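Okay, so here's just one chain, in structure tokens, the form predicted on its own.
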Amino acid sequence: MVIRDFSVTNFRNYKQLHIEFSDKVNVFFGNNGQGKSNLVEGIYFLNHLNSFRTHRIKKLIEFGEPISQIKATIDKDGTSFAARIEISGRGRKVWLNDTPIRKLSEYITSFYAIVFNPDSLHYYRHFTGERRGFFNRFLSFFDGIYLHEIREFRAVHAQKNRLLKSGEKSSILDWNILFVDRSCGIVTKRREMVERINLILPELYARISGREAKLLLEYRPSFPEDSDTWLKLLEKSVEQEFKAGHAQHGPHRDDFCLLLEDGKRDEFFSQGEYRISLLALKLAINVLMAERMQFHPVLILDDLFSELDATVRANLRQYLFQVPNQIFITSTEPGDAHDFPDPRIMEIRAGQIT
């Protein structure tokens, strides 16, 4: 997958911008506050129709303007797509090759970007929902059946919550049976995903970090995997759930954890350890996509080299030399990119490419 050209209007601090990209390495450098992260945020939005920095898409529209617009030409599997996105107070509208896209899921399961940035690191580390959302987004792209299963589960989950809030207990057993049934496929696919990632992650982490300790991803379901045991647990939790007014066990409460083989969990990682670990995880997902789907997503590496020691920076450059993905890097210094083969280097000043 390659983004050939990219335009924004009234997006963040960009009044108007059109740019053509290299199909390999693109570097945006400049002082802080000039719009580097805003630009790669737009590239991410092009792929996912949401931001890695805010859940309020109104913030993406330049102050005082009614709408923001993103346009791009995207090459994928030998086909060129013209994408256009409008962002307004009413939400998002999307066109692909001038055809309106009614179901946004059809669009976001066609394109994909992997982002590493200080904001996404903070949210992933501190909010369970961000971790679930990250893996849900990946699995929805990786496995079309998962997207269907997660939609069905959410519908049942919403109905069960309405029942719990109403206080009507007569049909709770039937809804619990349906709730468990709609959860099983999600749990199975999440566990399989973690197993596949763990075939890649330890070696990749060692290669980037230069350390011998193995890094692994751990899946933490919020309930027993055996459906009969889970139903019994839900039966015991009926009063508690009615009192709370919402379902307290299920895939919506699952979590994921990074840990080193010596037993150290990510909650005890230093900032530097977490940064390297999350970067390795995201690059492992990139490898998994290439191996299982023959797909190379866009890599967005915002403020990549800050807070990394010299060894990790060198290892990371060496690794990125070899990946076939289109890469976008932001930095305060252009020197961070000169080691890459034939990079396109652009300076950002006050929302303009100089």
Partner chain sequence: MNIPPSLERLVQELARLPGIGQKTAQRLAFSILRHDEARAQALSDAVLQVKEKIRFCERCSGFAEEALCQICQDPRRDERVICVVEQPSDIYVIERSGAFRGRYHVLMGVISPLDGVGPEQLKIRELARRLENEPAQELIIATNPSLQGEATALHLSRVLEGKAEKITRLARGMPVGANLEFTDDVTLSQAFSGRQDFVSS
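Positions refer to the first chain, counted from 1. Note that the structure is predicted; figures quoted are calculated from it, not measured.
The same protein also exists as the form predicted together with the partner chain; that form is not shown, yet it is the one meant from here on.
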Report summary line: From A82, L104, L199, A158: within 4.5 Å of the partner chain in the model of the complex by heavy atoms is A158
Report summary line: Picking from Q271, Q240, T99, S170, the single residue whose non-hydrogen atoms come within 4.5 angstroms of the partner chain in the model of the complex is S170
Query - Contact test, all of H148, R162 and I177, partner the partner chain in the model of the complex, heavy atom 4.5 Å - result: yes
Query raised in the report: Any of the heavy atoms of G144 lying within 4.5 Å of the partner chain in the model of the complex?
Result: yes
Query raised in the report: Using heavy atoms and a 4.5 Å limit, would one call E218 a contact residue for the partner chain in the model of the complex?
Result: no
Query raised in the report: Should E152 be classed as touching the partner chain in the model of the complex when contacts are defined as heavy atoms within 4.5 Å?
Result: yes
Query raised in the report: Could you tell me if R92 has a non-hydrogen atom within 4.5 Å of the partner chain in the model of the complex?
Result: no
Report summary line: Of 177 to 185, 118 to 126, 205 to 213, 223 to 231, the segment with heavy atoms within 4.5 Å of the partner chain in the model of the complex is residues 177 to 185
